[in-house]
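Shown below, as structure tokens, is a lone chain in the form predicted alone; questions about how it binds or moves come after it.
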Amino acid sequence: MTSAEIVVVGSYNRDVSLSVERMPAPGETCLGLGRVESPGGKGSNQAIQAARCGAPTAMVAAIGHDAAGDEALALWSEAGVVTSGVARLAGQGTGMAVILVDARGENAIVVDSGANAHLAPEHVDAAATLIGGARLVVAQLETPVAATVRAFEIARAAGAATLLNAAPAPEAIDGALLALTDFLVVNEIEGKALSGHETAAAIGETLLGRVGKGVIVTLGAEGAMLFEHHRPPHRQSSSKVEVVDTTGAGDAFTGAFAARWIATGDAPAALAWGVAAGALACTAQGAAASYADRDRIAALAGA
């Protein structure tokens, strides 16, 4: 496969996850309860979840000429994710994230961007045929905005839809990027940073006027809300699950939402898939390793 319906422009990180009884205070040293090394990065996670939902998916990313970069390519190949848009950069290490996970399953994450920080518009231009052939182009904020803007420009020119997951939480966001965005996905922290509002309703209604199709505000264990032009807000509750590790749950949501939306064109149905995928991702350790396939997601989503 040399084409894809979903193209994800984003990051790959090698994740090192450390289990702790509780988060350490500043200056405190805590002994870990265990370590898990696994693939991560918001872009990679979202691409893998979309592919596991059955969507033909590709990555546009930057990785290093190192063992972690080799692992990334092997991971994507196994998941069926097209890698013709992935650049390997000399002199840059593949991104890395260190994750602390406490006894409640909550996490704190520190990311060393590495090659992710050097994904540039010229790398996107090299993948223009791949991007222009997609139905949906997905991006996040772990890679430079200039590359994302260029990808969304190519998508818009080709008639493809765009989805921006505005994570990590930004202090501000490029107005040109939002103007090129059809769907905006934020959690409550990210939504507050962009809108200045506290509640999901106020966040969604405020940001809806700045994007083309819709705003999704994810609410963790409470599910998510969808805001679309000329429709009332739609809320999707989450099923109760036994939480082991919340790492990557938001990425599972975005990947599954994207896959279901291109399959049906039905945003509320896609919201149900996103919420189900996010819940299932919390039931095992790690990010991509915890992601469910389309059958499990469909069963929990009721569709």
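In case it trips you up, residue 1 is the first one in the sequence shown, and so on. As the structure is a computational prediction, the values presented were derived from the model and not from experiment.
One more form of this protein should be noted, the form predicted in complex with a small molecule, which is absent from this view; the next part is about it.
- Among residues of the shown chain, A193 is not one whose heavy atoms approach the small molecule to within 4.5 Å in the model of the complex.
- Although the partner is absent here, G278 is not a contact residue: none of its heavy atoms lies within 4.5 angstroms of the small molecule in the model of the complex.
- With a 4.5 Å cutoff on heavy atoms, T254 does not count as touching the small molecule in the model of the complex; it lies far away.
- For the chain shown alone, G274 is not a contact residue for the small molecule in the model of the complex, no non-hydrogen atom being within 4.5 angstroms.
- Proximity to the small molecule in the model of the complex, defined as a heavy atom within 4.5 Å, singles out one entry of A160, L130, A147, V111, which is V111.
- Of the residues given (V82, L136, I99, L164), I99 alone sits with a heavy atom within 4.5 Å of the small molecule in the model of the complex.
- Of the candidate stretches 64 to 72, 33 to 41, 264 to 272, 47 to 55, only 33 to 41 contains residues with a heavy atom within 4.5 Å of the small molecule in the model of the complex.
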